[in-house]
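Take a look at this one chain, the form predicted on its own, written out in structure tokens.
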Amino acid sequence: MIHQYKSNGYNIVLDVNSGAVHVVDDIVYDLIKIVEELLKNGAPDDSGYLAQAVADRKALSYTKEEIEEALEEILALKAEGILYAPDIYEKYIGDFKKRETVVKALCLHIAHDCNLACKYCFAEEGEYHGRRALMSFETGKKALDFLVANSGNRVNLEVDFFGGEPLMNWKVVKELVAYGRSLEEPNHKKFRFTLTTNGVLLNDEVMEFVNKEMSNVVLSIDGRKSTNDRMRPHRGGQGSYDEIVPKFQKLAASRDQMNYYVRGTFTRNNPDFSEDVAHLADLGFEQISVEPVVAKPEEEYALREEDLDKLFAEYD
């Protein structure tokens, strides 16, 4: 399977089955799909034969010599297994669907509450349209037991502490990490814990524990102060940027700029979101993810179809 697209003046070809990505010239780009069709219809791997078949279509303005040279390049990539690669998993799909299902990961909704009032929050400020509450250790313990019991022969298991804001239930987070560690040796498992936080409650004690026990940390911030504080305020309306940035910088530095990422959301209020990416980089963050908001179309900050050209330009 071949996927082709053009971006910033580059002709890009993705060979899906091998995972190879090729940057090619115009003639190779134009020929790749035609050759794929010919090969599927039984044409031989012969540049001369394929050149004549392409020429017979009278769809391209290249000379026969140019076409033959490009075809030799295409067939060389095919011979290396990085173009028109076969789907080696196709014949196993039926058996794969019959396999015993195992659970390898859990997202623990450890805090049904939040200390911010983010305007785009799908969780309704952490409460998910329900009563604010915190997960008990007993409930979390049952979840970890369930994960171990249903993980089959899988060794590596993943647990993400999510919310709301997980640090509002910090005591239980620590207790569950300790309990998970106690399950590892007797059950031949290894837990990979992660944490997503808005940073308001980050302190030195939390950072020390996170750096010891959490394989990854997601730090929520949208970018520039104006961008962040517009969408991520406290319930009283005051912004969160000034209090979280120094904490995030300290945590990122303490993890040697690895095994974390700052995660932002862009909306119709900041269609120039590349500026927010640049701002986060200027703050010293090296692991950055900024993603589009998911919202009901009637929300004033929701992205619309007419925004697409601008957004595509920002990605480029």
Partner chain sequence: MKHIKTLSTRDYKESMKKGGCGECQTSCQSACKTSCTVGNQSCEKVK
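Residue numbers count along the first chain shown, from 1. Computed from a predicted model, the values in this text were never measured in an experiment. The term rigid core refers to the most C-alpha atoms you can superpose between the two forms while keeping them within 1.5 Å.
Although not depicted, the form predicted together with its partner chain is the subject of the following passage.
Counting any heavy atom within 4.5 Å as contact, can you tell me which stretch out of 70-78, 201-209, 239-247, 175-183 lines its partner chain in the predicted complex? Result of the contact check: 70-78.
Consider the chain as shown here, without its partner, and state which of L134, A117, V218, V148 has a heavy atom within 4.5 Å of its partner chain in the predicted complex. By the 4.5 Å criterion, the partner-contacting residue is V218.
Using a 4.5 Å cut on heavy atoms, which of K142, R235, K104, R99 is close to its partner chain in the predicted complex? Among K142, R235, K104, R99, a heavy atom within 4.5 Å of its partner chain in the predicted complex occurs only for K104.
If we define contact as a non-hydrogen atom of the residue within 4.5 angstroms of the partner, is K225 a contact of its partner chain in the predicted complex? Contact check for K225: no, nothing within 4.5 Å of its partner chain in the predicted complex.
Even though its partner chain is not shown here, does P297 get within 4.5 Å of it in the predicted complex, heavy atoms only? Flag for P297 set to no.
My question is simply whether L50 lines the interface with its partner chain in the predicted complex - judged by any non-hydrogen atom within 4.5 Å. So L50 does not count as contacting its partner chain.
Heavy atom to heavy atom, is V21 within 4.5 Å of its partner chain in the predicted complex? So V21 counts as contacting its partner chain.
Output the sequence-ordered list of residues from 272-307 with at least one heavy atom within 4.5 Å of its partner chain in the predicted complex. Heavy-atom contacts to its partner chain in the predicted complex: S289, E291, V294.
Core fit, then A85 C-alpha moves 2 Å or more between this form and the one not shown: Moves: yes, 2 Å or greater.
Tell me, please, whether between this form and the one not shown the C-alpha of L303 is shifted by 2 Å or more, with the rigid core used for superposition. No, the C-alpha position differs by under 2 Å between this form and the one not shown.
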